[in-house]
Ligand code: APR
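The form predicted alone is given below as one chain in structure tokens.
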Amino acid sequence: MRAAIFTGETKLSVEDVTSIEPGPNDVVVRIGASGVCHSDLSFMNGTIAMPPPCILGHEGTGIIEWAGPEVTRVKVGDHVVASFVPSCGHCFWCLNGQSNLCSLGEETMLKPKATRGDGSVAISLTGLGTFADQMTAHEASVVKVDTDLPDEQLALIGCGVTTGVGAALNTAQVTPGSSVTVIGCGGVGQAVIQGARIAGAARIIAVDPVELKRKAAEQLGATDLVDPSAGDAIAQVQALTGGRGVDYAFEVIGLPDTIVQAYEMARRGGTAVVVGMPRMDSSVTLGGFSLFYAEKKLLGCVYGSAQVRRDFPRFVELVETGRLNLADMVSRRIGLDEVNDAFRAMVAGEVIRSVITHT
């Protein structure tokens, strides 16, 4: 099979590899499409440590071509969306309604998946590796979907959509008539905006220095646009909310400064949600008295607090009924050999999402 591999360099190496024999609980999926997510870049640039060689990609969809003898949840021929956090169904977190924290993730993360031409063994990102034409994954890492939606849209549900929409609906539980601000309007940020719109937020403020992203945010549900390069973003948000700040502030970048900014944008008694992935060695400093006196909530958010076997089908239905717009989140359709240019376009602010397609 062909795969895009992180070798420790700044660009991925697209090459032929040989799949390692799958295990009894594994499935082999023919990939139809894979979104190019900023989290992949975070592993490439060292924000999150990942030992090379590693097949990247964690946002994808496809058809099961082979299922191990102990696989019970899916079968050959099923259309599935990959989940970058597995959902085993029987660990402490799964049994307590927090399958987005499933302990099986640690086991699947570093499992060898393919042998390269030089004999080295490659693992796969989050146990998936969707930047390939074929993927081997544990059955707990895929969810069957019944839909005619195109793969380029379904792929986004595997990460960006679930993380963003879930942050609004599950983590923050945005209420009808409320006010929301979203700092960072890439693919996940656009999904947060849509989640807030679906939840019935009255005012949704999109904060991003890139005009293309602000315009996309307006199209997908933002009522107000803030350019942080045009002046203090906190002051601009407060001016739009009668000086109070918003009910819910979402940080979708992963920087300590913007996490603090989101906290400051939330009104007294409001909620700030950290959706972006910070560096592992980063820290955030907040005033101690403010934590007490403002009575704000500061929430972490892993995978939109999603329960994927419940939420993937829900999100599919939202798309099918026109409530969730994934078509306009796809900026470019590319082949696997164009993956490095997709990261260039991401950094340059030229796209919301590039999607690798194999059809």
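Residue numbers run from 1 along the displayed sequence. Because the structure is predicted, anything quoted here is derived from the model rather than measured.
This protein has a second form, the form predicted together with the ligand, left out of what is shown; the following refers to that one.
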Checklist entry - Should the three residues Gly189, Pro228 and Met346 be counted as contacting the ligand in the predicted bound form, with contact defined as a heavy atom within 4.5 Å for each? => result yes
Next on the checklist: Based on heavy atom distances of 4.5 Å or less, which listed stretch (309 to 317, 330 to 338, 35 to 43, 289 to 297) is in contact with the ligand in the predicted bound form?
Outcome noted: 35 to 43
Item to check | The unique member of Val143, Ile253, Leu154, Ala201 whose heavy atoms fall within 4.5 Å of the ligand in the predicted bound form | outcome: Ile253
Next on the checklist: If the cut-off is 4.5 angstroms on heavy atoms, which of these, Gly105, Gly184, Gly245, Gly166, is the one near the ligand in the predicted bound form?
Outcome noted: Gly184
Checklist entry - Do Met277 and the ligand share at least one heavy atom pair within 4.5 Å in the predicted bound form? => result yes
Next on the checklist: With a cut-off of 4.5 Å between heavy atoms, is Leu240 one of the residues that contacts the ligand in the predicted bound form?
Outcome noted: no
Item to check | 4.5 angstroms heavy atom contact with the ligand in the predicted bound form for Val210 | outcome: yes
Checklist entry - Is there a non-hydrogen atom of Thr147 within 4.5 angstroms of a non-hydrogen atom of the ligand in the predicted bound form? => result no
Checklist outcome for this item: Taking the ligand in the predicted bound form and a 4.5 Å non-hydrogen atom cutoff, the residues of 82 to 111 making contact are none
